[in-house]
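Coming up is one lone chain in structure tokens, specifically the form predicted on its own.
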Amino acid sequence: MKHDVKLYALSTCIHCKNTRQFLDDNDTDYDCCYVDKLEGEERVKVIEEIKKLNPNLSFPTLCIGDKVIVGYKKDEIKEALDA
């Protein structure tokens, strides 16, 4: 794996699902966090973490190395994975 890849997603979001499928199709190892399934302090902590990366707190928020990609943007994701 060339980069650390972390996906912040909602379990009911189609764009999040498409992003996961794209990462899977490209044999990318990644961590996925379904924010809507978190509770209590863990949820608060993760939301604050996401706000630092994406102040609008929209999903999916994908971190590839130092790059943050908000939304399902195949071309940007592919470019960041290949960098």
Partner chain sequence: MNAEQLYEQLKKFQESKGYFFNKDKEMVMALLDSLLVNKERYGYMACPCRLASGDYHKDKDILCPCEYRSKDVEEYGACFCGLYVSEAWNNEAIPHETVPERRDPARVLAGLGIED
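Only a predicted model underlies this, so the values are computations on that prediction, with no experimental measurement involved. Positions refer to the first chain, counted from 1.
In what follows, reference is made to the form predicted in complex with the partner chain, a form of this protein that is not presented.
**Student:** Does any heavy atom of Asp31 come within 4.5 Å of a heavy atom of the partner chain in the model of the complex?
**Tutor:** Heavy-atom contact with the partner chain at 4.5 Å: absent for Asp31.
**Student:** Using the partner position in the model of the complex, report whether Lys51 sits within 4.5 Å of the partner chain, counting heavy atoms only.
**Tutor:** Lys51 belongs to the contact set for the partner chain.
**Student:** Test of understanding: in the model of the complex, would Arg20 fall inside 4.5 Å of the partner chain by heavy atoms?
**Tutor:** Arg20: no contact with the partner chain in the model of the complex.
**Student:** Contact with the partner chain in the model of the complex for Asp36, defined as at least one heavy atom pair within 4.5 Å: yes or no?
**Tutor:** It does: once the partner chain is placed as it appears in the model of the complex, Asp36 has a heavy atom within 4.5 Å of it.
**Student:** At a 4.5 angstroms cut-off on non-hydrogen atoms, which residues of 29-58 are near the partner chain in the model of the complex? List them in order.
**Tutor:** In sequence order, Val35, Asp36, Lys37, Arg43, Val44, Ile47, Glu48, Lys51, Pro55, Asn56, Leu57, Ser58 come within 4.5 Å of the partner.
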